[in-house]
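Coming up are structure 1 and structure 2: the same protein chain in two forms, each one given alone as C-alpha cells.
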Structure 1
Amino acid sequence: MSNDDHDRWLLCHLPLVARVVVAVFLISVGIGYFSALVQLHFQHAKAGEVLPSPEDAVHAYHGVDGMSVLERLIVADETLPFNGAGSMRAAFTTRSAGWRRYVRNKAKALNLDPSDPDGWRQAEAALRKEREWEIDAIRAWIHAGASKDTYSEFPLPKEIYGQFPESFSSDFFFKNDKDEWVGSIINIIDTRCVRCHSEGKGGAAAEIHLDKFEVLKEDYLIPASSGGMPLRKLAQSSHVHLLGFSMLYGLTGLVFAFTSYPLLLRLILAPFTLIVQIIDISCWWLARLPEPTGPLFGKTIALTGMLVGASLGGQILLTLFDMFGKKGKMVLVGLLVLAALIFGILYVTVIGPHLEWERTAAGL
C-alpha cells in the first residue's frame, strides 16, 4: 500500500457529532486511566509514595525466594499496602486491637508521659519490640517445619527468650512443665490474624480461613516456587485486564489507525498499547520464576506499565488533535489547560496532603 492519504478514509471525515462522541470517549478513557493509577497507588505503593517502585513490583509479583506467602507478609515493610500483595505486619502493631491503648499502658509502665510526643515514641518503640518477638516466634516455627505438634507449644530458640525481661510471661510465651520457654503460635495467629481471617468476619479477609490449620499450612506456609501474589489473585487480575482492557485499547488503537498521521507512526502506535499490555501481563507471570530471572521480570513490570500509560496517552492526545479544525483544536487546548489546572489544584488540596498523612500514619 502506498502512503498516500488522498483516498483513504479518515477520522476527520466523520460528521461533527460523531467526532464529538469519539472525542468524549477518548477523554473519558483518559480520566479512567487516572483512576486506575489511583487504584494502583492503594494496591501496591508504599505509604507516602505516589506509585509503586520496581522493587515494590518485585515484592508483590515475585515475593521473596524460599519464603512462604505468610512469612513474606509478616516481614514485609509495614508501609506497604495492607493486603495480600503488600504486608500484614501492621497486624502486630498499628492494626492490632487496642494498639493506642497498649502504647498508653506501656508508657505508664515505663513512667513515661504518653501525652508528650517523645514519651509516646519511646513507649511505642518498647511495645514494638515485644511484638517483634511474636513475629520472630512465628518465623522460627515456620523454619522448624511448621508442624501441628508444636503449634500450641513451640520450644523457643534462645535468641528469642533470651530477650525476655525477668519474670515475664504472656498468653503467647510461657514456660512448659519442663521449665523451658515455649511460644503458643496458635494464640498469636488467633489474636493477631484470625480476628479478620475466619469465616463470617466480613469483607475479603474473611475468605481466608487462617483459623483452620490445614488452610494455613497448605495455602500459606509451604514456600512455593514463588511466594508472590497468590495464584488466585493473579489469575483474576490477568483475565480482567486481558478481556476488559483489550476491548478499550483495541478501540483507542482502531480510532488512531484512522487518523491522518504517516503510515509508519500509525503502524507502530495503533497496536502498541495492546502489545505492551500483553508483555506487561506476561511479566506478572514470568516474575514467578526463580532468581535471578523472576525478579528481572518483576522490575520490568514498572517499565511496561509506564509504556502502556504513555502509549495510551499518545493515542488519545494525537487522535484528539487530528479530528478537528482550528476552532476545535483551540477548544481542546482550553480543555487541556483546564485539566492541568484541576490536577494542580487536586494535587495541592487532596493528593499532597493525603501522601503526607500516609507518611505520618506510617511513622515516617
Structure 2
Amino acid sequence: MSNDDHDRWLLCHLPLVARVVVAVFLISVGIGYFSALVQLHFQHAKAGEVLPSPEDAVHAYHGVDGMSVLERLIVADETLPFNGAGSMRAAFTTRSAGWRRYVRNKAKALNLDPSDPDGWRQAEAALRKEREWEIDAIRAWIHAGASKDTYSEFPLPKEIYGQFPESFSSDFFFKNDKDEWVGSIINIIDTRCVRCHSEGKGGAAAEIHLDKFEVLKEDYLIPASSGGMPLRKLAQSSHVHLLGFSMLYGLTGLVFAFTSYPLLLRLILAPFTLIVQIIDISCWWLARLPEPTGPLFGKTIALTGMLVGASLGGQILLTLFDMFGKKGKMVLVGLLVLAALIFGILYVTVIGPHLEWERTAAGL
C-alpha cells in the first residue's frame, strides 16, 4: 500500500456484495469493448484481417485526395467492408440485385456453361467489365462537374463508349437524337445505390438519401482535398463516442483511482484512457487535413486505438486484483483462464474459419 492508504477510502474496504457488483461492472465493460472490436472488424478491416491496419484508418478518415466521397467508395477495393467507411464497389457486382442470375444469363449469351467453373469465371469477368463502364461513367460525370442538367443524359467520353461491342445494349447507355452515346447517371445510381439509400428503406443505409440530387451533390459528389468519412457521419460518431465511451472510461478510471496502488500509477493510469480517447477522436478530424499531414494523423488512429484498449484492459485487470484477497484472486485467475479457453475455442471454430471465408470470398 502507498503512504496515504490509511488516510483515504479504498475499494478493498467495500462490503463483499459491493465489490462483486463493481467487479461484474468492470467485466461487462471489458466484454463490451471486445464487442466494439468485432464491430470495428466489420466496419473498417480488410477481408481476412482481424483489425484495421494504419492504411485502413487512412482510407476511412482521410480518404483519397482529390476524390469525392462517392467516387472513393465505388473505386475502393471490394475486399474492404461494405459500408460508407470502406467500399461500395460491390453494389455494382456481387451485392447488386440478381448478380448470379445476370452471370448465368451472360454465360448463355456467350455460349458458356454456367455450371462449369471456367465458364462461370469467364461470364462473371465479362459482366464485371460492363459494370466497370457504369462506374467509369459516374466518375466521368463527377469530374465533368456532376451537373443536374446531365444527370439523365451525360455525354460519354470516347474512352468509355469506344469499348462497347457492336451488339451492346444496356438500360443505362444509349444513343441520343444526335446519334451520340450518353449515359443515364440517374438510372445507374437509382439501380445500384438508391434501392438501399433512400427514405423509407430499412437499416442505417436509409439515413443516406441518395435519391435526392441536392443531398447527393452537397455531401457526396464534390471532389475535395479529402474524400474520407462524410462530415455528418464523422460528427455523429464523435458525438456518440465522446458521450458514451467517456462515461464508461470515466467510471473505470474513477474506480481505479480508489485502488491501493502507488499514487504515481493511479495518477497516470486513472485518466489515461479518457485522455487517449480524446486524442484518438481528435485524430479522426485531423486526418482530414491535406497530405502529408492528414495521412499521418490517420495512421496515428491505429496507435491511439491500441493505447485505449491497453489502458482500459490495465484499469480493469489491476482493479479486479486489488479488490479481493487471496481467495478472490484465485477465482479471478480461474475466470481469466476460462475466458482464454473460450476465446481459443471461438477462434478455432468461428473466428478463424470466418476470416478464411472472407479471404476466399475476396479471392485472396
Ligand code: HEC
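One-based numbering along structure 1's sequence throughout. In this text, rigid core is short for the largest set of C-alphas that superpose within 1.5 Å between two forms. This one's a predicted model, so the numbers in the text were calculated from it and none came from an experiment.
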| query | finding |
| --- | --- |
| Between structure 1 and structure 2, the form predicted alone | 2 |
| Displaced residue check between structure 1 and structure 2: P292, CA, 2 Å or over, core reference | no |
| Did F173 shift 2 Å or more between structure 1 and structure 2, C-alpha, core superposed | yes |
| Core-aligned C-alpha movement of V255 between structure 1 and structure 2 reaching 2 Å | no |
| Value in Å for the CA shift of I160 between structure 1 and structure 2, taken after the core is superposed | 4.0 |
| Per-residue C-alpha deviation between structure 1 and structure 2 [A204; rigid core superposition; Å] | 3.0 |
